[in-house]
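As structure tokens, one chain now follows by itself in the form predicted on its own.
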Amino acid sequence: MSRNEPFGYYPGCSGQGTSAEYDSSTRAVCAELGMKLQDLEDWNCCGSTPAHTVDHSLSTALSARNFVQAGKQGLFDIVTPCPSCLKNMRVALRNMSDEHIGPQASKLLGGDTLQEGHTIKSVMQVIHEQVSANEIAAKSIRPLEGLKVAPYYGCLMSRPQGLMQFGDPENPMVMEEILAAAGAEVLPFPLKVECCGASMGIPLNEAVTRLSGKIIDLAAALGADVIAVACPLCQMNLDLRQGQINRAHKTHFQLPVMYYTQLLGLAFALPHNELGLDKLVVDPQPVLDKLANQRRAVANAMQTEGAA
């Protein structure tokens, strides 16, 4: 993968709906960093969480079809912002070589052939690999100085290790390094790869409020101004369901939960409408105010030094 060539971009279903702000902020940040994203034509759902529980061949074919579509466009290096999509598509690449699942999935594909040489990575990992910390710092004309960030990856981004290949499965550091380069104070966060309750919000709401509540509680206890996330489902559970968590546990959290791309976009001074800040349920205004106050304090200090 090289950012001098276009990456095939797979937004995933949530990127067209519930996490539209993740999609828009990802596109804006990648454009600012010189990463060319080319949408896969006629892409389809990867199967999300339920497909593999019904039929492994079907779920493999669903994801594999996206690689077939990419190959028709001459795109072999694919990126996606969503950890669940990433996991499903990596499983599909592995399963297409399986002597039992592969032929059945190929039959479901109607004869379309999956070409050799496809790769897929998370957008976060590609930014980390392709863009240096110095470049991110140089782009950060409004650095995140003074902002205390709790980095939360969720349980899928780095596990299982052999499949996801995302550093230490229990202690990934990619988000920390990216946001620190943008000027943030990234807090050590022991629950950064714990499960938030995932898709159990309706059938097991108690589990989601308990697990997500634990994450928010620790972030607040550590003094975080914001929780940074990289997964649409995690963002929904921590942000949209924060009111449910408060009601269930008699807490009063109002802790903003933002995608790491939104925070990078703020550091890069990208327009707020491109970052989708208005889609967040918990008001991010305290984050914006703290950053603005920090900039004023720095400017005043520099003015005072100049006068002296």
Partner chain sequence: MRIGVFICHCGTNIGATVDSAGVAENAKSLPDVVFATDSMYTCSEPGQDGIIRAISEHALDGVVVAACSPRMHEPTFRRAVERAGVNRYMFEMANIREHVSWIGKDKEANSNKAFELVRIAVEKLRRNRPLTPKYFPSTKRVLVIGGGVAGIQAALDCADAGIEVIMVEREPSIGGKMAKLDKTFPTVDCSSCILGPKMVDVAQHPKITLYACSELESVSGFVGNFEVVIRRKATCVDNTKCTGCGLCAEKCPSKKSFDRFNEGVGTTTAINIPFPQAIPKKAVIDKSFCRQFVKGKCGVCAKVCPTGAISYEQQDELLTVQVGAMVAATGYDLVDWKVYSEYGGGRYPDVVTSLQYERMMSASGPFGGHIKRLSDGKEPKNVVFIQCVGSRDVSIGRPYCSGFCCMYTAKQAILTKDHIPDSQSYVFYMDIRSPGKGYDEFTRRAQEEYGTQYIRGRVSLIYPKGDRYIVRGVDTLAGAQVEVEADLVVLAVGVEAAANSPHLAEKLRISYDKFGFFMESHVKLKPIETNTAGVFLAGCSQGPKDIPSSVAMGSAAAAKAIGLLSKDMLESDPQIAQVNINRCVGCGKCINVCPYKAIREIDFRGQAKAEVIEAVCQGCGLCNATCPQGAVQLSHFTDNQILAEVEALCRC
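Positions refer to the first chain, counted from 1. Quick caveat: nothing in here was measured; it's all calculated off a predicted structure.
Below, we turn to the form predicted in complex with its partner chain, even though it does not appear here.
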property: Of Asn171, Asn134, Gln115, Gln165, the one that lies within 4.5 Å of its partner chain in the model of the complex (heavy atoms); result: Asn171
property: Interface residue in the model of the complex among Arg210, Lys72, Arg94, Lys107, criterion: non-hydrogen atom within 4.5 angstroms of its partner chain; result: Arg210
property: Answer range among 82-90, 120-128, 213-221, 99-107 for contact with its partner chain, defined in the model of the complex as heavy atoms within 4.5 Å; result: 213-221
property: In the model of the complex, Glu194 touching its partner chain (heavy atom, 4.5 Å); result: yes
property: Close approach of Pro190 to its partner chain in the model of the complex, 4.5 Å, heavy atom; result: yes
